[in-house]
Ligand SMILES: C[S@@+](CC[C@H](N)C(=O)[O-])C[C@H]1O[C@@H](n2cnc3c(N)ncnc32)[C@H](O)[C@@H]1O
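Just the one chain here, laid out as structure tokens, in the form predicted alone.
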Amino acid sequence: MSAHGETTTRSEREAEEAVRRELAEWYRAGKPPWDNGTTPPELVAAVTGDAAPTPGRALELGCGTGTNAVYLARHGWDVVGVDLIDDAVRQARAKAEAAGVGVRLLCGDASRLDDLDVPGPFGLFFDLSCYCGIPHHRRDAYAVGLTRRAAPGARLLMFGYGPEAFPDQISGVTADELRTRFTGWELLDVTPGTNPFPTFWFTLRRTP
């Protein structure tokens, strides 16, 4: 029994710890491939395009070193960022301070938002390859946590690797999985990424 009141098996705990170790190693090496210091054009279009919503509250899952959280804050959003790796959060806080923007940056598990001070509602959620690296036994909890914090009509913009991109049994996400797990959401768009391996941009909307 975990501190969260959840029963987890040894293999599940090992899977979670393996993900944590791998992510921490990427940040220690200083070259996480998903955190290159550039805001992706898909997020830019979502917040500045013709159909962009009025800035409100945004939650970034897996905020890394804060590049996109800072970008959102500069464009008028009240931003909370969450990341599992404390070194990434420290870098994000330094980046936000240097940029002169107020962003709440928390170290924690995106699939255990109830353990963090992250009250809703939020009108925008952004996930740059966080969900697709979460062990499968934690993914329903991720979806539930977002749904509890989603304002009616909220958008989720998610970038994910396809299951074929990595040889492990954890990584990857498909449109069919999102339709199944995200109860109360509508999958509006699936756009293939430009990477040399399967990647996708998913846009979901919280139904009223």
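We number the residues from 1 along the sequence you see. In this text, all values refer to a predicted model and were calculated from it rather than measured experimentally.
The following text describes the form predicted in complex with this ligand, which does not appear among the structures shown.
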item	value
One residue of 92, 124, 73, 82 in contact with this ligand, assessed in the predicted complex (non-hydrogen atom, 4.5 angstroms)	82
Any non-hydrogen atom of residue 62 within 4.5 angstroms of this ligand in the predicted complex	yes
Partner proximity in the predicted complex: residue 109 to this ligand, non-hydrogen atom cutoff 4.5 Å	yes
Interface membership of residue 134, this ligand in the predicted complex, 4.5 Å heavy atom rule	yes
Contact of residue 96 with this ligand in the predicted complex (heavy atom, 4.5 Å)	no
Complete contact of 165, 197 and 200 with this ligand in the predicted complex (any heavy atom, 4.5 Å)	no
Partner-proximal stretch of 148-156, 64-72, 174-182, 47-55 relative to this ligand in the predicted complex, 4.5 angstroms, heavy atom	64-72
Sequence-ordered residues of 114-146 touching this ligand in the predicted complex, heavy atom within 4.5 Å	128, 129, 130, 134
